[in-house]
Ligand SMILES: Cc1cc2nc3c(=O)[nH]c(=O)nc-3n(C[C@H](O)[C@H](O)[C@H](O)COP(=O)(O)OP(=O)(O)OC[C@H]3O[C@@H](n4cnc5c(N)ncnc54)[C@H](O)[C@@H]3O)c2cc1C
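A single chain, nothing else alongside it, follows as structure tokens in the form predicted alone.
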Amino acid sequence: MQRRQFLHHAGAALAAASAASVAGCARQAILPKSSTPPLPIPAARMASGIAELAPIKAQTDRITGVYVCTRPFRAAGPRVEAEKLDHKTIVHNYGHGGSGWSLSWGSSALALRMAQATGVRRIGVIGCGALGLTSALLAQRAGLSVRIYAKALPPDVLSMRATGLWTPDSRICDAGHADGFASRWEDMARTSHAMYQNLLGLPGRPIEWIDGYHLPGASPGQGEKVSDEPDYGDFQDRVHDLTPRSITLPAGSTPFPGPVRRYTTMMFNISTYAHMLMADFQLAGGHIVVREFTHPRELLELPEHTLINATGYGARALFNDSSIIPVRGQTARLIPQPEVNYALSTDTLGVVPRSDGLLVQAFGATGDFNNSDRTPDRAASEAAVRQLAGIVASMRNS
């Protein structure tokens, strides 16, 4: 995830599709930017005019794990299309870069429409990550019988290693394909965001809104542009009406030593959220078969005539799709701190306050693009935590 993803706060607020058909989603009217007033700092979080923020315990001995994922980037954007494989129809739904969770419901709604067009009453879904689970649930809600086939289940799928912020255009396509993909992206983003609004306030807080603080100049670095990565498509202006605008807070109004930008974003508590999706699927009568596929012809053995392929980065090997480029990402997870309810970012560092642990990620370095190595680099994560410790030490209430 790039630094700008902490600063752009995309969201959506359009009506969700009905259980029988997720195809129809009304677009909300675009609001003038000036009509969204800055959010005041809640009085309960103020002490003598200074926002109260619990300090993060940034210590390397509090690291509970270091996790690496390979985000499936495609220059042209996600592959959501149907193709024939002998007597079966395969609906592909993969290649979402760093936006898999964020776009999952909208992308899966599009894939489901393609699957429904075949006229079948039961389908198979290949993969049990963000796109596989949402595809399966939407199919169930449309009245279809669904079976998931997957070589791994949560928490052992790569989707579980995402940071958990709403980042709907993170590495979603390159700038050269942005114009042609923009409308489809907006439909996906708005449909997904509408669904997430219906998941707020549930037990375990699978989805919640949080504030974040960006500290400009808090650390040296290249900023958001990484030299060995392409220019990515940027679509945030298409949904600027859907989230609160960021504001500059002056020095002295927060525990940080200088002025900061405060933003509001949506966060997924991925452990809780994935558990909820799995439970919902199984309670609705869904079946899961643990099975690994190594060649498309093995799909011909399955009883379902229509399949949704949601294998993410795995589609590169399974379907020999060289258009998928792995983009390596690594996070360290610290022991949870329920009192820390804010995100934090600098030019080279990000912190996400998930309920299953504080995620610390360093970014801005070269070498991650087209890098499929999933070997954790603990030294790099410890350096990021020490960098965070320096920021915490500068806070007034630390």
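Every value quoted in this text rests on a predicted model; they were computed, and no experiment measured them. Residue numbers run from 1 along the displayed sequence.
Absent from the display: the form predicted in complex with the ligand. The rest refers to it.
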item: Residue (of Glu292, Asp237, Asp228, Glu83) lying close to the ligand in the predicted bound form, criterion heavy atoms within 4.5 Å; value: Glu292
item: Contact residue in the predicted bound form, from Arg161, Arg147, Arg141, His92 (heavy atom within 4.5 Å of the ligand); value: Arg161
item: Contact of Thr346 with the ligand in the predicted bound form (heavy atom, 4.5 Å); value: no
item: Gly98, heavy atom within 4.5 angstroms of the ligand in the predicted bound form; value: yes
item: Contact label in the predicted bound form: Gly350 to the ligand, heavy atom within 4.5 Å; value: no
item: Any non-hydrogen atom of Arg71 within 4.5 angstroms of the ligand in the predicted bound form; value: yes
item: The ligand in the predicted bound form: contacted by all of Cys128, Gly132 and Leu165, heavy atom 4.5 Å; value: yes
item: Segment that reaches the ligand in the predicted bound form - one of 174-182, 271-279, 187-195, 306-314, heavy atoms within 4.5 Å; value: 306-314
